[in-house]
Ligand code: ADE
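Shown here is one chain on its own, the form predicted alone, set out as structure tokens.
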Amino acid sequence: MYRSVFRPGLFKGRVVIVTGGGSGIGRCTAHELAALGAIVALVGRTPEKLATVATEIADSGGSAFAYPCNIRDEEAVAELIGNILAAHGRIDALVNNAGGQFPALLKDISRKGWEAVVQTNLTGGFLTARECLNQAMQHSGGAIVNIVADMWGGMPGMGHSGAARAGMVNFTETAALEWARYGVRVNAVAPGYVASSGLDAYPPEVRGLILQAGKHVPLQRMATESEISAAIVFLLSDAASFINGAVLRVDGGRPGVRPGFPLDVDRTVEPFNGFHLASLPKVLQDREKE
């Protein structure tokens, strides 16, 4: 089973929605939450991926259910949350993880491409969180964690995603204020470079940048999916009951890098990997073979 650092049964009986639960960070987080006793509602656009993860979790002794949905569709999101509430009787937490982008300079991004990324990374997260609040959490409280990104100081080559993620940070801070009255905490996790399956979705011309990414981090490596999941689980847990409106960076210190300061390593910080089904993305596997 998943080797979590958190105590067994931490989320026993709680219903947690994980969007983008069919792969990458979402898949890993869903496994950890299920291993800690949560009933996980997996949300994503591809039914086959969700079904695979639900089966993985069941085989590991956990409980997860697949709910295919396009979170850009307002009516579909409202129906989704209603269906989850009807099936499980409650919604205790939301991990707003679904997202996606493509590499491009701002001057080359069409309006359609821009809006697709913003709708997925910002609007879809807003719709899902709003429906969780209106249909469930304003009556029972809850916790929301929005997944953003390392976009501090700009996001060259991913300007559409950077703008959307920055918007999600502000949404997090605003919702934390407006929804505290209902006993709802809203926080965010900002991953840096992560050795996740999403890396394989980028085109071949980005491969060189991916392989060099870890060298621009003070800890001289990428994060594991488990290290991101652990941050999410902490913010959802009772231990974070007085944390609200915060953004937890899990990036190895990359935004603090300054020109001229050497990124030398005398001693490594070993990565944590509690995910029993974790595997390196293909692009990184190929590097190890070279």
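These figures come from a predicted structure and were not determined experimentally. Numbers for residues come from their place in the sequence shown, where the first is 1.
Quick note: we don't show the form predicted together with the ligand, though the next part is all about it.
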query	finding
Contact assignment for the ligand in the model of the complex, among Arg221, Arg249, Arg45, Arg254, heavy atom within 4.5 Å	Arg45
Selected contact from Ile84, Ala143, Ala136, Ala98, since only one has a non-hydrogen atom within 4.5 angstroms of the ligand in the model of the complex	Ala98
Close approach of Cys69 to the ligand in the model of the complex, 4.5 Å, heavy atom	yes
Touches the ligand in the model of the complex: Ser197 (any heavy atom, 4.5 Å)	no
The ligand contact at Thr123 in the model of the complex, heavy atom, 4.5 Å	no
Per-stretch contact check against the ligand in the model of the complex, the hit in 149-157, 210-218, 98-106, 170-178 (non-hydrogen atom, 4.5 angstroms)	98-106
